[in-house]
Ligand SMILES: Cc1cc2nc3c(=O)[nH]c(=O)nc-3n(C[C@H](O)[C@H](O)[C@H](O)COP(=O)(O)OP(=O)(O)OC[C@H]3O[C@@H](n4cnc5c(N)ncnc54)[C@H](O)[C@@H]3O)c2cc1C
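A single chain, nothing else alongside it, follows as structure tokens in the form predicted alone.
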């Protein structure tokens, strides 16, 4: 997920329910200084904790805190890593928590999650009032399970609920879900603290609260902010990253495939990073240089100038000072589809009345379907929209505040720490879509990876997952993956093959893999066949969806056909792994349920319970993503 909540303009602010911001640039230093030092709130103290993996919950928390300050609450956004449940006397806390993976908490929420789950004593939160908003996606099986957990556990541990749990669905309109919850939150907070309910006065336009200034040289910029620069308030800048060196970057598809899939190897020898088979690698990629240059020209920015951006608290949205080029290349998300609040800001910046009216329509609740078709289905980024609406006059200062932080892209590692302890392998399809109007949309990270020569340095970090092989290599495993969903399965069969070569006994292992054809996009085909020949894999089941005209077999169909073998293995203690799109994972589970009903005489609920038991035992694991 990567959604943000800054501000919008007059008339639209009330409709969209988002806080407003003020800005200054260059010569407007005095005005900036005055507007960036508002009076300190005197109302109740409320901490807004965020559990965020891709930045959405963090941005929601920051916007909520800014709105709270306008309402005189002493509010701040706090990384959930800093939550101290044992020391919360008399405080109120708002939790904005995302669900990640198979119903897991985000990395920065794990400690508080485990504390609430197994360490906290009864009544530990009896002096705390709370409210929870969960961020999830209905395409995933464990929709918003973390948000539901925090809400129920806070109550179980004695906390006093301020407002009912809010749930945001990333598959629909998570922004609107959040805004609707805010409409319930504010009066509930007033009532909880015995305050008189009031509406925040409309500021009369877009208020950008970041102070953004540019300087011709680094020396001039540091004269303002000191040798140490301005600390970033973004959680991603506090993540420990390392420089990984590209040692291999090769094509996996045949020329006839009409697409590209890269196999990239990243050297981690000598850097403070390691991984275990089944982990993820998170890559912080650069935006396309052509997009950076074009957007800079559009907003009249000099890429070689130095920029310093600060909020009212003196914190920066990214490490400052830096060049405008670096800010647009590394720190800001230039390629994402615009949200309503961004389009609303563009509407106010439009000089042409017809263009302004059209943008206001797209930014309205009534026009949300039109915006989805235009921006999401149409794959338009901010530069595309500004080209479609040439009268929009946006400056660098506004751009810095309107655009969200670029977030790392997570990839399932396609190597094993046993066979490649000093190298992380990535298997990624390059996203390149030709649009009907002639534009070419390229995925940020896969475009970046595609162009990296050997010797390049990549900023990245490894992330632990629960997607792990059983400790006993004689335990059978069933691996099901489509396309690049093969990535973690490759790490697993390489891992098992190394153990086999060292004398370990193998279980009856099965790989079910699907792609379009056996010749064009059967990833690592020779390697996989050698695993069968050596006995590491007992069964190889393939589904080529475009091999035979008129036939479209997918992995879920093969699972249904081989249900007897798979269920026999599961009954014998096998572990099952699924990797790929959420829709595929749901279809695989449905095929297994149908097999259980037919072969074991189970009814629907019994089959569901059988599979759920496997999940609870750690024997049914998924590494999936939404389309």
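Here, rigid core means the biggest group of C-alpha atoms that superpose within 1.5 Å across both forms. Positions refer to the first chain, counted from 1. Owing to the predicted nature of the structure, the values given are computational and were not obtained by experimental measurement.
Omitted here: the form predicted together with the named molecule. The next part is about that form.
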| item | value |
| --- | --- |
| Candidate stretches 212-220, 497-505, 423-431, 543-551, one within 4.5 Å of the named molecule in the predicted complex by heavy atom | 423-431 |
| Residue 110, heavy atom within 4.5 angstroms of the named molecule in the predicted complex | no |
| Proximity of residue 444 to the named molecule in the predicted complex, heavy atoms at 4.5 Å | yes |
| Partner contact for residue 411 in the predicted complex: the named molecule, 4.5 angstroms, heavy atom | yes |
| Partner contact for residue 324 in the predicted complex: the named molecule, 4.5 angstroms, heavy atom | no |
| Heavy atom within 4.5 Å of the named molecule in the predicted complex - residue from 241, 249, 179, 381 | 381 |
| Heavy atom within 4.5 Å of the named molecule in the predicted complex - the one residue of 335, 415, 398, 234 that qualifies | 335 |
| Residues from 475-495 in contact with the named molecule (non-hydrogen atom within 4.5 Å) in the predicted complex | 484, 487 |
| Post core alignment: residue 591 C-alpha displaced by 2 Å or more between the shown form and the other one | no |
